[in-house]
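Listed next as structure tokens is one chain, alone, in the form predicted on its own.
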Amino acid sequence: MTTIPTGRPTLCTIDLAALRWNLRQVRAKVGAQVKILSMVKANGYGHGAPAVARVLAEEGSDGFGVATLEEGVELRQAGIGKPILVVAGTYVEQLDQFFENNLTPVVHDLESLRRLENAVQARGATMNVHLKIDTGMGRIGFLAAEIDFWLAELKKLRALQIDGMFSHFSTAENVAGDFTRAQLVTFSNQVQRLRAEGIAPPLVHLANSAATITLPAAYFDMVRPGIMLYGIYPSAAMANQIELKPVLSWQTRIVQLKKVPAGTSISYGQTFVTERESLIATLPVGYADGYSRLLSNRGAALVRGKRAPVAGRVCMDLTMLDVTAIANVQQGDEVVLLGRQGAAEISADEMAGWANTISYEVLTSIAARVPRIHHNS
């Protein structure tokens, strides 16, 4: 039974059955021989990393990807025992915690490689690492074009064991273009070069969600699904290639209803002025909850299965809707900000379009003060 907290009614519900379904679709796509590293960084893309990881571990995820050491420690403290890869940078000052929590760091440049090698050697220990190769993202990673230089350093390693090797596609939503294909060729050449030099990491990985759905040539030993686990398609065109189920719904309730005459301004700055007698619903949610201020006078929410437009500027803690056109609205009615109500739905992609951003940011921006209620476990 799902326990809903009393008090402020703004919350997210997380459908763990949908999460399980989505991981099963990944497994069906890649087969039994390819490992799955489930990406649960940024608090499980806003869904609550510990609860999400527990379910994915039960469902057969082979490991987890996080961005920071702190995210990895949180998973260990939640009882997650499977491998955890920390992908967004490693700092020697954190070495003790990497060892204590059995976390695998990523090494992405020679300076970090040398410092980590020396520090692990000084402990008289060994440590598994993954190498990050920059094949065109232009972010972090050993430059593919400089392989002769950094490969020589890899051969000198004694304390660091190269357990994995990966790169990152620069296009997250579509991996059908020439640039993506060039990245795949570059990465494959890097893998072959290392193997020819006697370095053969057992875990080679490249595929993001889009590549997991559409590009089997990028699977290698392991795939790294992220957004698709949470029921979001990297692009709408992929909906006919795999069936995913949205995991998160965001809802609140009307805290006040107010009938106002024509000519009444709503919220800061008088950016919305009623053109008729109007019924305005105030919601206990605002940009401090992650409901973006960019949705001011652009977004909408679902009330009694109908769309109600945002009226005026989204405030820090409150947002107003114009519910004049919706019959029988009452104080306390449920309002769905993201998700389904009856036959109507607001998707993360639609909300992202209103705010001129992407679904990833919509999900990860939902603030910690919004409770996540996990159900259907």
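So that there is no doubt, residue numbering starts at 1 and follows the sequence shown. Note that this is a predicted model, so its numbers are computed, not measured.
Not on display, but discussed next: the form predicted together with a small molecule.
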Is it true that 45, 209 and 226, all three, sit within 4.5 Å of the small molecule in the predicted bound form, judged by heavy atoms? yes
In the predicted bound form, which of 52-60, 35-43, 314-322, 342-350 comes within 4.5 Å of the small molecule (heavy atoms)? 35-43
Let me know the one among 276, 259, 139, 158 whose heavy atoms come within 4.5 Å of the small molecule in the predicted bound form, would you? 139
Considering only heavy atoms, tell me if residue 360 and the small molecule come within 4.5 Å of each other in the predicted bound form. yes
Given that the partner is absent here, does residue 108 sit within 4.5 Å of the small molecule in the predicted bound form, heavy atoms only? no
